[in-house]
Every structure is written in structure tokens, then in C-alpha cells.
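Just one chain follows, in the form predicted alone, and it is written as C-alpha cells.
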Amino acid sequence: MDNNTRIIAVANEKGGVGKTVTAINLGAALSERGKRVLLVDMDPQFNATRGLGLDSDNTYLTTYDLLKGDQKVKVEDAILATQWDNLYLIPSHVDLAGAEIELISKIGRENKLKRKLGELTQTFDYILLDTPPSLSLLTVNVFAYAKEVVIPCQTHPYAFAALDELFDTIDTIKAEINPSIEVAGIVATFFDQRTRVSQLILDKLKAHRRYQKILFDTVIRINTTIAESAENGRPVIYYRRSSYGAYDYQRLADELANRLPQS
């Protein structure tokens, strides 16, 4: 794996903030720009897997197989080419939920994913990791491996309030497990310009001493086409290119590509 590969966790400990759709659509937008992108689905709900047109079954290797520790399972064997150029996937499976219990007694359990993905010989420009909507051992494994974190934040008071806890987690990971991890940025999601609360939370993000420095200019507007595209197993840029969702994620991809991670 190339040392210039950007390894990015798309993470938030709160569910329903647009984490998975951001991982899928950011990855698709980057791949359309000629970048080789690997999406790693680390959520037992396997929504990123379904969002790229696959169902969870036992006919292919998954992130669960990689974490089980079987030395015969090579990471390259788990990589699937999607139907879109430059976009690849390591799928998830519901069995990944059991990995928490299986890993808890293992020595070096927080670095299992890092060791396995460190065996990659294929070159990717971006590795995007979709995480569970909780602070779990799976999330810790992702943070131990990632170099950057992109944080989707729904423009809602509960999502804004949850950011402090997430930053505390990342600070702890940085201090104790992975000194290389940095926050690449916060992206406001589900923004509805018709509501006062959406504008209020966006204003709070822009005014916050820590968040304002890393807030992406791009705002992901609320758009039913994004949900429709996920239901159809297609990134929004390939489902309806003329939609707000497609435009917003293309803009976010351009902004991320030009931004270096910041503390």
C-alpha cells in the first residue's frame, strides 16, 4: 500500500447523521475523479454494502472474516470491484456484531484491523471506512488504523451536543493508540434551509472555537434523492446526477481532496 494513501474514517458515535451515505457518496465522487477508492464497511448493519448494490450473504469474504484472525484469509481476497470504475468494497456482514465478543479477550485487539489491512499490496488513493454508530471495539479498530476522520454532523441539537464526546474519544485514541490520527473535518448534513433549527446549528458549528477551524464549506442539504439512491444500491451521482445530493457530495469530494488533515 502506498504511503500517500489517505485512510479516512467516516465516523460519529450518534446514529442517523448521514455517516454511511457520506462514506458511499464521498467515495463515489472521489472515484469518478479518477482516484482509486476502497470502501471498508465496518458496520454490522452493512448499509454501505447494500448502498453499493450488494446484499449480505456468505458467498464472499467480509470484514468479519478479516477480523477473525484466520491467517489464510488475505485482504486482497475480500476486495470486490463494484460496477463503477475505481470504486472497490470490502463488504460487511451481520456476523461482524459477534466480533466484539470474540475480540475482547485477544491481545492487541484494538489493532486487529490495522494489522490485516496493513497487508494490502494493491494501491489506493483513498481508503474510506464506514463505522458503527457507537463507540465500540469495531470503532476503536477503525480509529487505530485511520489517519484522518471525517465527521458528519446532522444540523440538529442532539447531533451537535454529541460532538464533544466524539472529540474526547478521538483525543484519547490519539494519546494512547494512534498518534497519527487527525480530524480532516466536520461536514454539516441534513441541512434544511426552511427550518430555523438547521440554520441555528450550522451557525453554532461556524462559531465554535474548535469546530469552526475544521468545518467544511460544503453543506449536505436534505434531499430525498440521497435516500432513494441508497435504497436502489447506487451512489447518488450515478442515480440522479442533477440532484442537490449529487452536487453536494461532488463539492465535498473536491474540498476534501484539497484539504490536509488538521489537529
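In this text, all values refer to a predicted model and were calculated from it rather than measured experimentally. One rule holds for the numbers: they count along the sequence shown, beginning at 1.
Only in words, not in the display: the form predicted together with a small molecule, which the text now covers.
The listed set Ser198, Thr218, Thr62, Asn223 contains one residue whose heavy atoms approach the small molecule in the model of the complex to within 4.5 Å, identified as Asn223.
Although the partner is absent here, Ser243 is not a contact residue: none of its heavy atoms lies within 4.5 angstroms of the small molecule in the model of the complex.
The small molecule is not shown here, and in the model of the complex it never comes within 4.5 Å of any heavy atom of Ala9. In the model of the complex, no heavy atom of Gly98 sits within 4.5 Å of the small molecule. By the criterion of a heavy atom within 4.5 Å, Leu202 is excluded from the residues contacting the small molecule in the model of the complex.
Comparing 202-210, 26-34, 234-242, 42-50 against the small molecule in the model of the complex, the single stretch with non-hydrogen atoms within 4.5 angstroms of it is 42-50.
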